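What follows is one chain in structure tokens, specifically the form predicted alone.
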Amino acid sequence: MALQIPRIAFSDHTLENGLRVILHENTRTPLAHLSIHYGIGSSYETAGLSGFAHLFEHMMFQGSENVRKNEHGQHIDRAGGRWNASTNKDRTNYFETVPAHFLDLALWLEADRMRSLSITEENFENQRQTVIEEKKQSYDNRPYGLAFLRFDQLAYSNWAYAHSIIGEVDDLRKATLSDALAFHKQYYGPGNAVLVLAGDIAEAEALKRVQTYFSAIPDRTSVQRPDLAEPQQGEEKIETMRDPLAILPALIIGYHMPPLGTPEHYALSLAALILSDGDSSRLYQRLVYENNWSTGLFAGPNQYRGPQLFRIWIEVQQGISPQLLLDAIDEELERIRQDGVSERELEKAQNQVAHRFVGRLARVSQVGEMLAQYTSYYGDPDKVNSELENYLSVTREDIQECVRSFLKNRNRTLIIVEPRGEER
């Protein structure tokens, strides 16, 4: 019997200044979730000015006309809510989940910083240094950190996805306040944003509140969408990196594949579950349970709006040759190319997707984020109601064909990380 899940109802509006507003009413819990997705990620940046999308994730908490530095989060904390932000290659998002009677507070805070963000020399310099220190902590001084940064640089020919979200330190140091002001004007306005309200709201009244806070904000954005085209890879790319912070060897593997939302994305996402998710998955059984060659592994698409990589990460046990694991991976992929996957494996993978999807429906914050993502990535919030079916309609033949077409060595990028423990 086909899986029946409730349809997510919503209304879709666009204000005169270009702000797109998605409203989802769900009164089961007295919470309201507000999410704003700006159409700006690291792929939109200009060469020589990398790191600006992530820098502004920090800058957006440095105050505005009516809110002092770092006060945004304090207001939400005092209301008993939660808040955060994130940047990826394709978008930046800011969100608050608050008790429903504090919805006006969340709307006022987001509108105030959209309208009047405080971009001063002091704030810019302070956050520039914060991001530089963050890079040291998260990448330079963390095992495998520099290998992860290098991986996209090696795999992608197009700079849009090749460079890191955190940015280059030299670019951040040479950037000026004028560069920051121009970047903010270009991308941070209502015409380049999606606002989602989900939870204990009355849609008609909620729309009036959004109009009250946001409709007077002028739109000055002039967004230039990045060219994400990636040339076909003709031969395998391999590098070996020595990491003085790593204790164990590791493999970072990637195969070029089509973007999010394509039939190939759904088929290869299920292939990743069959290969690596759970104790009964193929690679776990062979590399961990049967042979104790690996301490941990992961596989799956990297979730980019443009051309993706099907990534495999494996940490190798001490004393085990990384080549042994590479050969095992090649053999498992060849088994799928030749024999496909079993009906039981496909059913298990689809059940895993369905369980996780339905689980997200229990929280208005996650429903709100799904609506925001589908709107900002595809321009279509209603994709939330068809996404699960895209996974459930994948066949064994679809998976076999995609593994044959994309998970082959000439389409592979490989970084072998060797530990240099004696230098620790």
Partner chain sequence: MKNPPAPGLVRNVTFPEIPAAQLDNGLTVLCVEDHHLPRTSVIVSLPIGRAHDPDDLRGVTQVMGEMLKEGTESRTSREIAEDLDHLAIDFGCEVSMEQTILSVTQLHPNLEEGLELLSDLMLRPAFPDEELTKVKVRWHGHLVAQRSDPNFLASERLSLYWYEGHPYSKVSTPIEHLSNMTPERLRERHTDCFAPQSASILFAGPISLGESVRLSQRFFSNWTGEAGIDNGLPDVTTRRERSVHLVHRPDSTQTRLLIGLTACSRLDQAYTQFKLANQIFGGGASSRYFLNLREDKGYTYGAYSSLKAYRQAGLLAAGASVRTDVTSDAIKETFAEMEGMCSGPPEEQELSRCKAEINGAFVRGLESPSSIGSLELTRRILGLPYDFYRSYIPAIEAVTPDQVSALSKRLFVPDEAAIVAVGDAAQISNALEEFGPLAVYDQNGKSVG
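Residue numbers count along the first chain shown, from 1. Everything quoted here is computed from the prediction, not taken from an experiment.
One more form of this protein should be noted, the form predicted together with its partner chain, which is absent from this view; the next part is about it.
Among residues of the shown chain, Asn70 is one whose heavy atoms approach its partner chain to within 4.5 Å in the model of the complex. By the criterion of a heavy atom within 4.5 Å, Tyr284 is counted among the residues contacting its partner chain in the model of the complex. Although the partner is absent from this view, Arg150 stays clear of its partner chain in the model of the complex, with no non-hydrogen atom inside 4.5 angstroms. Taking non-hydrogen atoms only, Glu205 never approaches its partner chain to within 4.5 angstroms in the model of the complex.
Partner proximity in the model of the complex, defined as non-hydrogen atoms within 4.5 angstroms of its partner chain, places exactly one of 44-52, 373-381, 390-398, 357-365 at the interface: 357-365. Contact check at 4.5 Å (heavy atoms) against its partner chain in the model of the complex: all three of Leu245, Val288 and Glu347 pass. Residue Thr130 is the only one of Ser116, Thr240, Thr130, Gln224 with a heavy atom lying within 4.5 Å of its partner chain in the model of the complex. The listed set Pro263, Pro218, Pro231, Gly278 contains one residue whose heavy atoms approach its partner chain in the model of the complex to within 4.5 Å, identified as Gly278. Although its partner chain is not shown here, in the model of the complex the stretch 298-326 places heavy atoms of Glu315, Gln317, Gln318 within 4.5 Å of it, in sequence order.
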